[in-house]
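Quick setup: one chain, the form predicted alone, written in structure tokens, and binding and motion questions come after.
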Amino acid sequence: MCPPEHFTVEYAINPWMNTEFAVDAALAVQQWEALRATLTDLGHEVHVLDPRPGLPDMVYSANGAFSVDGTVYGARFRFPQRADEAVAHRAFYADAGRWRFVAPEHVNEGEGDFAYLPGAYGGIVLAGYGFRTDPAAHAEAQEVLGRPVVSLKLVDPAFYHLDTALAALDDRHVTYYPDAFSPASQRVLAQLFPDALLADREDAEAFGLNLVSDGRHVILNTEASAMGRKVRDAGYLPVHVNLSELKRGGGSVKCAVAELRP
């Protein structure tokens, strides 16, 4: 995670960003601290990436890379405003000394457009494209990670990253909003995950799919109350955290958390 010490909305690179409304910087930090405390209280270790001036979106740390079994596939951002974030993430993994880091040739935005389900089909990667990530990055990721990668086309600009439209609930099960995907990608998802928890547009617009799950606890923002009820009915324990300020930049719980898979 990366604290939002420099978080502002200075530019608009997704439909949720509006430069006319100022971010409450103090509240953003307070809400981020609450999310970190929630994760640690649930028994998870949180590593903190140092924020850098001039990179207001670093708080969305999920976008900086994608890791599977100790191998890290680095990010290459679509927009120049975020390009230097990839450098900061690469330095984090290099300093840690326990990762094999592979720099990408193709544009991709890390866990923003990649999800891993280790218990499904022997370990499968779901990968989004259509707005941010180059489809060629999917083949590149497959070669780097040695896991089959399934390409899914995103078609609604409001859900510009895979992690705004789909989430892993545990090692084998997903939840997603069907209309965020092309008809062909919807058929692929239905075939792969016939028992998926389906969300509606209200859930997706509340960033209810931008969640983090440890297989039991599902952490999602407070606005996504209907989604919370759905995951509870599916047998998980919803844990709500208010991230209203981060939503101003087009992100929520998952965007703020890069999951490390050693």
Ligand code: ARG
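It should be emphasised that the depicted structure is a prediction, and the values quoted were computed from it without experimental measurement. The numbering used is simple: start at 1 and walk along the sequence shown.
Keep in mind that the form predicted in complex with arginine (ARG) is not shown, yet the notes after this line are about it.
Contact check for G128: no non-hydrogen atom falls within 4.5 Å of arginine (ARG) in the model of the complex.
Using a 4.5 angstroms threshold between heavy atoms, V239 stays clear of arginine (ARG) in the model of the complex. For N63, a non-hydrogen atom is located within 4.5 Å of arginine (ARG) in the model of the complex, even though that partner is not displayed. Heavy atoms of T164 reach within 4.5 Å of arginine (ARG) in the model of the complex, making it an interface residue. Interface residue among H89, H138, H173, R132 relative to arginine (ARG) in the model of the complex, by the heavy atom within 4.5 Å criterion: R132. With arginine (ARG) omitted here, the record of contacts in the model of the complex names 53-61 of 28-36, 53-61, 214-222, 196-204, defined by a heavy atom within 4.5 Å. Applying a 4.5 Å heavy atom cutoff to arginine (ARG) in the model of the complex picks out I13, N14, M17 from 2-21, in order along the sequence.
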